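This document opens with one chain alone, in structure tokens, the form predicted on its own.
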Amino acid sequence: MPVQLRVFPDTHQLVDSVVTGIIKAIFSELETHNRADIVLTGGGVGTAVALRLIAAIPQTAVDWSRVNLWWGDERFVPISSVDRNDVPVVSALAELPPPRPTLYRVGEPSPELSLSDSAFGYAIDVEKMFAQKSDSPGFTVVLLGLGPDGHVASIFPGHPSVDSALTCLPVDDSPKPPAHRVSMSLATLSNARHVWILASGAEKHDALDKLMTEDIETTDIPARGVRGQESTIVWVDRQAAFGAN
């Protein structure tokens, strides 16, 4: 199935359109399954989507108790650290009355929990969900931010994790700090109905251009290694699509 490119005049319209698409996908999933599972992503546009989605919860007719939120990757830092992707989302969810989505969080460092232990524990949660939805793709929508170097989640160009068969990976040498992270593998992220890649800003233009070029390898642009089973859409603003001009 070909990758679709959708270009929006600005980030605000991009975010609104992605949130509308997520809610439609959740409605569709809950018509045939007991749960919908959405993978969130960090970064500027990813966090904006997550917070806009949570703000929309009271205005929708979705049974949010049947919706589960995940992270494609998370920084392995204390659970209250502002470096974590999930902190703004946890705060926003806490302000909502029930029913609320269930948020799956990556464990924090402790004497009892190493980076590898945290990745293994998160993988167990993911695999349990996959087993419950064995008749369909595991995730409903996977959101991924496109890095300026073409990375997604914490899978970076040239790293052996590009080809990993693990469900979740302990990453101890991220070139972008903090170095320690837990990331779903490309194969895990592709176990989804829809994979939607987000890019905003002129600094993403070169990576976007390579992502949409057929002869670029996944080892060079890891974002090329994630595909949805029903759709793969790249959502971008004009600056990402056309560069600084």
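All residue numbers are counted from 1 along the displayed sequence. Bear in mind the structure is a predicted one, so any value in this text is a computation, not a measurement.
Keep in mind that the form predicted together with a small molecule is missing from the display, and what follows is about it.
Each of Gly42, Arg181 and Lys204 places at least one heavy atom within 4.5 Å of the small molecule in the model of the complex. Screening 210 to 218, 25 to 33, 183 to 191, 44 to 52 for residues having heavy atoms within 4.5 Å of the small molecule in the model of the complex returns a single hit, 44 to 52. Interface membership of Asn85, defined by any non-hydrogen atom within 4.5 Å of the small molecule in the model of the complex, is confirmed. Contact annotation: Val142 falls outside 4.5 Å of the small molecule in the model of the complex, judged by heavy atom distances. In the model of the complex, at least one heavy atom of Gly147 sits within 4.5 Å of the small molecule.
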